[in-house]
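Structure 1 and structure 2, given next as structure tokens, are two forms of the same protein chain, each shown alone.
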Structure 1
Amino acid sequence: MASRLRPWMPCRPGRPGAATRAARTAPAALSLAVLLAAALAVLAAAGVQADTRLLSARVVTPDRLALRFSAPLERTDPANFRFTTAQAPDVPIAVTAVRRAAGDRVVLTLGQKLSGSEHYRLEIADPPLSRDVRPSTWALLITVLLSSALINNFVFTRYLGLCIFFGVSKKRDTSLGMGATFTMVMVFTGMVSWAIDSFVLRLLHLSFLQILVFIGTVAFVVQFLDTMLRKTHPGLHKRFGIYLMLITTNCIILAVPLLNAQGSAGPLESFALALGSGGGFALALFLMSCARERTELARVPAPFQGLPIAFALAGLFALAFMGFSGLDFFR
């Protein structure tokens, strides 16, 4: 969000007083022409004395920062730039070289390695400009989404929702319906509880009521979705309603608001975490149901029949999901 913030741009208004007076006295067509002229004059004035603006700043790993300006930058000596991490704004990172590139671009080489997922701040002395350098909103969203779906998969690395996971992963159809319903409920409860937590509980210092309030929220949202679905989409309700009633008190649903509260997540992160966790759970259910349909046909030793072999399968999936850990799109 903040990456979209443009540095404050000085913009001198033209002479609105004259323009409006002319518009009041002259006929409509003339007034329009005058207004147009005034607008053009403002634009021209701004163009003449427009400052150089910093259009974008992007980390190019391992140690470069690519900047794009609206006009050529005059001073390109390293002392003109100050680059710091958000964690240590008082300790600048050394700028070792500055290179001009085509199209009003400037590339800074820095004295230490940078990470595309960290937050930095760039300040320029002449002309006075500053900008937060951080991954874009989309990048953040996708990172949280994928990390909660794959790296920290609820089932295979956080071991949540196992009862329901082993309960409904016997058939592929059921698992798909369940996965979709779970994702929907998780997103809804995640957002509602986020709002309650940040606007009510935290402000009133009532965080000790978290569990009670979140459980209530889940029950309420499930009931609400059930009623809505029944009234608006009876067909869908017939298919998913049975799953809805099964979820009211389930640890996987409750874990989303608890994790968000623990990490003091913002609205966007909460949304991405809920969606990613739900998607990850659906993925786990689907994979597991495919594998379990096959073990039905396999010859399993008698003591292992039923749940034990399902647990062993889950163990194999967990082993495979370990491969996702360390996945980073910005490193």
Structure 2
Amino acid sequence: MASRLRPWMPCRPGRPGAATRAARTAPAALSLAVLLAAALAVLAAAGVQADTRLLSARVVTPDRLALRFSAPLERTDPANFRFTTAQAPDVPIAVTAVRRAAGDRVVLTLGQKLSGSEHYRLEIADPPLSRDVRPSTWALLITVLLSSALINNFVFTRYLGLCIFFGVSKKRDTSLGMGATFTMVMVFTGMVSWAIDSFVLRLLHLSFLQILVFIGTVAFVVQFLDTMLRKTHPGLHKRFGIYLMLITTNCIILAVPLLNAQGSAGPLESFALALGSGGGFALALFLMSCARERTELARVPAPFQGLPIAFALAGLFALAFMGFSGLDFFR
């Protein structure tokens, strides 16, 4: 049987095996590891905190700021921190002391009293960090609510809505009904106006139509309320008279959506402003109705009977409400 001969092929150099490749790449890997270790050692020796982040910053009244970092902060001297208000970023507030707290927390002591409802700006030199210190949501909502109802009452401090104020405040039950009605209309129209302005007018660049759209929204709500009260509470509707329809052109109910749009307020801030404004108007009506009912039993001189004594009472209430000016609920 004839033997089979393999055809001749030219010789090729053999490929290096796994051991040969490992031997060749080992010096390169070793050199890279040495360089990486040297770089980490240099960074650690220089005190560079590349991964340090400022996780939270909270105002602790009266004069402290609580900070929390992702890693321990190396430099904690007062010169490392710069703290200012959002209204005056060029005027720093002096940092008098820095104290390490538990874990990665640092507490700054400032040279003046802080307010939990104000906006601040914190800057750190080493490592370079910055953060806006904003008030908590509940503090902001309570501040807006109480400020619009007491400190900046639309009737006694801004003198808006006086037509309905003097026309409905003769009787206590009428003033209570109008106050509740006005507050409901104020909240509903404020939120609807905010939604239309945020999702329609701004997106379509139609902000110049704000007044027309807001008046149309208020007119629709008031017309619906007028029809409902006529069917369900005809007695209350008769006591309101023409003043119920005058809600459409009331300065307060138009001022609140405009203030929200001007300040780019969020939904919660808009709700708090609308509720506080409506509550402040209801409070003004109730106080005025109580005072006017008392004057009917008093011996008022003839020249001061009617609207003159009502204007005098409104001036006295305005002076009383000026005592709330500058009040800070979170100091």
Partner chain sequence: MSTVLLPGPAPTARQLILNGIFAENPVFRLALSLCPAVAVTTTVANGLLLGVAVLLVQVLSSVTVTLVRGFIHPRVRIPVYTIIIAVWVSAIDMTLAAFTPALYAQVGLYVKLIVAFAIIISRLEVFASRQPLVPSFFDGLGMGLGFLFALVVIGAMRELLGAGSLAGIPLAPGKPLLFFALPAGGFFSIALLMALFNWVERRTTGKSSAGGAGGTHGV
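By rigid core we mean the largest C-alpha set that fits within 1.5 Å across both forms. Note that the coordinates shown come from a computational prediction; the quantities given were computed from them, not determined experimentally. Please note that residue numbering is based on structure 1, beginning with 1 at the start of its sequence.
The form predicted alone is structure 2, not structure 1. Once both forms are fitted on their rigid core, the CA atom of G216 lies less than 2 Å apart between structures 1 and 2. Core-superposed comparison between structures 1 and 2: the Cα of L201 travels less than 2 Å. Once both forms are overlaid on the rigid core, the distance between the two CA positions of C290 between structures 1 and 2 is under 2 angstroms.
Lined up on the core, H119 has its CA atom moved by 3.8 Å between structures 1 and 2.
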